[in-house]
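Structure 1 and structure 2 below are two forms of the same protein chain, each written out on its own as structure tokens.
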Structure 1
């Protein structure tokens, strides 16, 4: 919201403060002033000039040599290239020595050999935004009214001797989207009175009811619609003061009728619309819901297709405006308009917002209807418009207002005790101070039986509950007056829980392995919700989802990580390594809420090693993914309690999938993406894993014990075993570990062979066994005895030593 202080002075006395001090007080009261803008920008020596004559430049087709009087008979020769400069005009002249925005300094100069003593200015050259300059002067100089006095200060005449405050409004303060709303706020801050516009005008003998009829078929969406009729309107430019107030507010002037509706929009915060009465054709206005697929060409000359829930203004046959958003081109006020119908209405904010969003059409009107307008200003705004049309457009206002009114204008009543206010603020504000603040805000208030009974004015639609009154008292009393206090009670030392510390370890391990953290949606489609899930439970669905792809809470992190990998690969990132720590949602708790369980998931695709300077490249495989998971368990001290077994998961490769078990219970999966799944997403070999992080991080582990560097040698024994081809090596490893004495410290698979020298259906698996005693050097006999026990156990299990 842009607030011209020259305009604001019409309603409240602010002369006692500098603009900077006023901005500071407004900010401290709760509405932030983002900027204090000096529209003059330090310009000097800018005066009104009269173009006495104009001749073509002898050496330039697009330049004119003008003789310009700049006051008291002082005529200057000025070269001007504007296409619209003519003799007899009053114009803006920057004299030599003048400084213009952008650091431009005006000097005497020669242009193609002809002397120029100044510059005839456009508004843009004076720092006015091009989008607010009237279209007639957008590509040339600005022409002043005939009564402008040569030599006088042009900045004052065009409204640039002004300060503008830019307010950063929050959505709840829609009351400050008008000059009067800001005036009420400033008056409360400064303990001043608000001077409302005086509305009076003469009316014609004819009645508006004889010219127009109004009805609404959707009273719940449009409970109030008022129409006033003004005849014999003369379309022309608005007076300078009106144009420059609009430009200061960021609005481009058009003509007196349109400018008056925009002026009242900014003055009262009430959107109005002007129809060309003759263009309506039917002498009737009907407010209804649009027909599905119905079309209208709006004032921006765009054809728009409407839906059945859009509210429109019609002439009883076809739409002539989109309610609360924009008028139609078929009823636009033009230079030929003589009779105008002024619309003042109250439209449902949700409907306006929905229509505005669907049509991609946001306007100053829609912004105000969305946030809520004052129901008690609708009719007043229509009367103010009639007054200005009578004064500035020579219109004859017909008697009466054609009206449909089912709008409840009752103010909101809030009852609150002073003790409640003081308890919430932690301070002692007297009842007298509270009453003073509420009176300054012009709230109707009565103190009775220890309570404040407050009727909030309808312009303040953000006042609904007791806490709103607390806020009003606090901000006007002064937030900086609230006393500072220290918290009471025993001082506690904060810190991370064991679970939180371990979660950080998980992230460190993943990032140390080269994976990047991803954060994906918790919502997914019903089809993907249970895909790759470690546990399949009842799903939780949204009642009003954003889209079909976001209907259900996920039960696995893998699907969205795979989507993220596919997205990056499609954009030439051929190697992707991602991890995510997030919640999955399983079944329901006793409170009928989904039970959340934290999981870890990873996805790997592309190259794992790519050392081009060494010519070394290696793609990711199953064992890279498994190695990352093993590194995590090693860091958490769970390696000896974790085992792996062959698994089967829909969507994963049947020969490259393993279940991860902690103390014999399944807590995760590792696997390669099935070729059919890869093809759908245009991925190369891709490997994923998901772990139940909640179970892992809550597992009780022994305290960390450090052991000294061994002083005695290890002894290794290798065994090659002939096994059934489908026999998991992990089972054999478990047998070896179980049979080994305390001297057996490590078991590793170092070779698998399934060549032509093996029987059909058989394979050879070679294990390396490490024996070690930290207290002494082992003898061959001790190692042999321990190793024989292992061989015996393997023979009993049917594993044949090659």
Structure 2
């Protein structure tokens, strides 16, 4: 909402403070002022000029040499390129020394050899937005009325000696979508009175109801429809003041009839529509729901197809306007119009909003109907229109208003106790102060039995409940006056949940291992959504995606982490190690929401060890990735419940992929990126892992219990086995652990050898076995017996001890 202060001054006295201070006060007490715009933009030396004569420039077809009077006896030669400049016009002249918006400085100059002492200006050159300039002057200079005095300040004449406040309105304050609404707000802030426009006009002898009938077939959606008929209207340009107010409000002037409806729209916040009476043809207005597929050509010359829930104004036969949204071309006011029907109506906000969205037509009108106009201003606005059409367009207003009216115009009553207000605020505002604020707001208030009985004016549709009064009192009393306290009452025991604590541990382990935390998008492309997924389930897709890259919710974190790795490698990073904790989205649950499962994923690429001057360099490999995952399981106390088996995942290296199992259930993968994938992304050795964090963290349920530090020695024995090259050592370890001796405390692989000394396709794997009894020192014989059990189990399994 753009608020011209010149215009606002018509309704409320704001002379006591500067525009900046006014803006600050408005902002602090309720409505944010986004900008204070000086329409003059610091321009000087811009005066009225009279074009005495115009001649063609001798050397340039498109230029004219004008003699322009810019003060008594002060005639200057000015070259002008505008197509519409003519002798006899009053124009706007920027004299040498003038500064115009955009840093333009006017100097004496020669144009193609002819001297020019200034510039004849268009409104755009004075910083007026092109879309608000009247069409007649949109492509040329602006022409002033004949009575303009040469040499006088032109900025004042075109309304540019004005300050405009740009309000950032929240949806609840639709009351401030009008100059009067803003005036009431400012008056409340400054403790001033509001001066309402005085409405009086002479009426013709004829009665409007003899000209037109009004009915509505949808009274719920259109509880009030009023029509006024004005005859003998002379379509012309509006007076300058009116045009300039509209331009300051961001609206382009058209002609007096259209401008008057727009002026009242801005003044009262009540949208009006003007029909050409003769073009209506039927002497009748019927408001009804559209028929499915019914068509109307709107004012913008577009044919619109309507649906059965759209509300239309018809002449009893065909639509002549889309209610509250836009008029029809068939009943448009033109330069030939003589009799005008002014519509002032109340349309259901939801219906208008839906229709304007469907038609892609958001207008100043629809914006106001959507939020609900003031029921008590509809008829006032109609009268104001009649007055201005009579004053400014020479119209004769017919007697009476033709209307259907079932609109409830009673104000909302709110009953609230001062104690409640103070209790909510944590303050001690006196009853007198509360009453004073409510009076400033022009709320009808009565204090009785310790209660405030308040009838809020209907323009304030946002005032409905006690809390709304709390806000009104507080904002005008001043939020700075609210003290600072902390909640009282029973202290709650806060803290992280066990899961949240463990998730923080996961982050610490990953960061301790040297990984940076990444955060990537949950939305991805359909192609990547299921890639590398631990579980492939039905995907969750957006109804209306904004781009193909973000259509579907991810089922794996790996694709975006690989993208991040690739992004960094492309920027010359020779080592990237990232982790992410985030949700994946699986199928649909009973609640119709996908099942969200929190996962942990890592990506490692490039160098792992890079100790340059000591010459130690090592790339990441599978076991670096696995080591990090093992460290996590150690930290969570899950190591003994986790096993690894050879796995297979599309996009990962078939020989370097492991499934991670917790209590025998697959909860993750570790693997090298497939060479073909790496090539596509220009990545060197790259390893990834993804774990189901929910499953893992929820598996940690046991308390930490101390095991006594061993008092008796451990005894180790080694076993070396010859195995097929691809035989998993893990399987052998399981055999050893399963051999049935309680004394075996630990098994570790300490050497793996494949090479010359081995038969082709074979490898040697050496295990170190630790025997231990917490109660006593083991004898050699006991260890040998236990070890023999292991050897026997291995022999039974066919493993060849070297």
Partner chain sequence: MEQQLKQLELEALAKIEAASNLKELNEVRVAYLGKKGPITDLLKGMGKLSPEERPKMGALVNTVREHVTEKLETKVAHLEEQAVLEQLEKEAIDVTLPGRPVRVGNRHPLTRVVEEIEDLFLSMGYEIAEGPEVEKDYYNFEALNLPKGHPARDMQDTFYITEETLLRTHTSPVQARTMIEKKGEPFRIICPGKVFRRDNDDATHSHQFMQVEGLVVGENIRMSDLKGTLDIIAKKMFGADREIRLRPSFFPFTEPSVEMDISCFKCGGSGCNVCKHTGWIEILGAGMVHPNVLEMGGYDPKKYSGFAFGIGAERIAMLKYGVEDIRHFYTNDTRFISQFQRTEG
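Residue numbers count along the first chain shown, from 1. Here, rigid core means the biggest group of C-alpha atoms that superpose within 1.5 Å across both forms. All values derive from a computational prediction rather than experimental measurement.
Chemist: Which number, 1 or 2, marks the form predicted on its own?
Modeler: Answer 1, the form predicted on its own.
Chemist: I want to check residue 580: does it shift between structures 1 and 2 by 2 Å or more at the Cα, with the core superposed?
Modeler: Yes: residue 580 shifts by at least 2 Å between structures 1 and 2.
Chemist: Using the core for the fit, does the CA position of residue 499 change by 2 Å or more between structures 1 and 2?
Modeler: No, the C-alpha position differs by under 2 Å between structures 1 and 2.
Chemist: Does residue 65 show a Cα shift reaching 2 Å between structures 1 and 2 after rigid-core superposition?
Modeler: The answer is no; the displacement is under 2 Å.
Chemist: Give the C-alpha shift of residue 741 between structures 1 and 2, in Å, after superposing the two forms on their rigid core.
Modeler: Comparing the two forms, residue 741 shifts 3.5 Å at C-alpha.
Chemist: Once both forms are fitted on the core, what is the Cα shift for residue 617 between structures 1 and 2 in Å?
Modeler: Residue shift at the C-alpha: 20.4 Å.
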